[in-house]
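Below you'll find only one chain, the form predicted on its own, shown as structure tokens.
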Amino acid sequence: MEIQIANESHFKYAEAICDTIAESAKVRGTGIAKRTPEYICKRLGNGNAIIALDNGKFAGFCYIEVWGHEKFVANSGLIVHPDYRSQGLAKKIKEKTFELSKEKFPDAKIFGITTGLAVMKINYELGYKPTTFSELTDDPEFWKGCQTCKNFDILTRTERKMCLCTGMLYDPATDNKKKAENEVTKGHEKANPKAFKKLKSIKESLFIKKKE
């Protein structure tokens, strides 16, 4: 299995990608924004998509879209061909897309909206947190993509505040702050391990007493 950044040589898979996305939505009975082969080709050709191939056969796909002058990026269109499901491929594709997003747009908040529990679980493991739609991009072009979803009327009635999808967000600023705090903690532990161990023991005992 080859999982790689897509390019123009993968245009021939655009129709298969669209068909797989549409069939998946039909089977699940959930709403989903429709994609055309032309739409997918643009994503395949701009270096912002990940494709999985098994000896030349389409196996999976996901792409990145940029919004709000690179303040936000969305990882969208995650799909795995039925022949390759239940093998952990979706997670591998999502991880690759997530890493590509951070590499190309290090300061952008990464988000997605989905009804799929499996995708929510993958997102959560990558560091995404559930959030309200108001925390996502306000770019009208992003929300215009929801017009072909059968649940678009719900989104419209709630003035884009909620729908059947769950919004999830990864904020690099929050993640970097957490990493910095961990580094400081490790530094203290390394500099004076005995004192750190004693302080940790005191905190744990206070926590236990508070619970009691």
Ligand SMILES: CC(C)(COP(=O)(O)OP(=O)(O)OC[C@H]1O[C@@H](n2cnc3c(N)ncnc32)[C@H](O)[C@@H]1OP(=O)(O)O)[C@@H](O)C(=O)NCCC(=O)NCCS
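From a predicted model like this one, the values you see are computed outputs, not experimental measurements. The numbering used is simple: start at 1 and walk along the sequence shown.
Just so you know, the form predicted together with this ligand exists too; it's not on screen, but the next bit is about it.
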Residue among A74, L126, L100, A90 with a heavy atom within 4.5 Å of this ligand in the model of the complex: A90
Triplet T131, T137 and M162 all within 4.5 Å of this ligand in the model of the complex via a heavy atom: no
According to a 4.5 angstroms non-hydrogen atom cut-off, is Y84 in contact with this ligand in the model of the complex? yes
Give a yes or no for I110: in the model of the complex, does one of its heavy atoms lie within 4.5 Å of a heavy atom belonging to this ligand? no
Proximity of K104 to this ligand in the model of the complex, heavy atoms at 4.5 Å: no
In the model of the complex, which residues of 101-129 put a heavy atom within 4.5 Å of this ligand? I113, T114, L117, A118, V119, K121, I122, E125
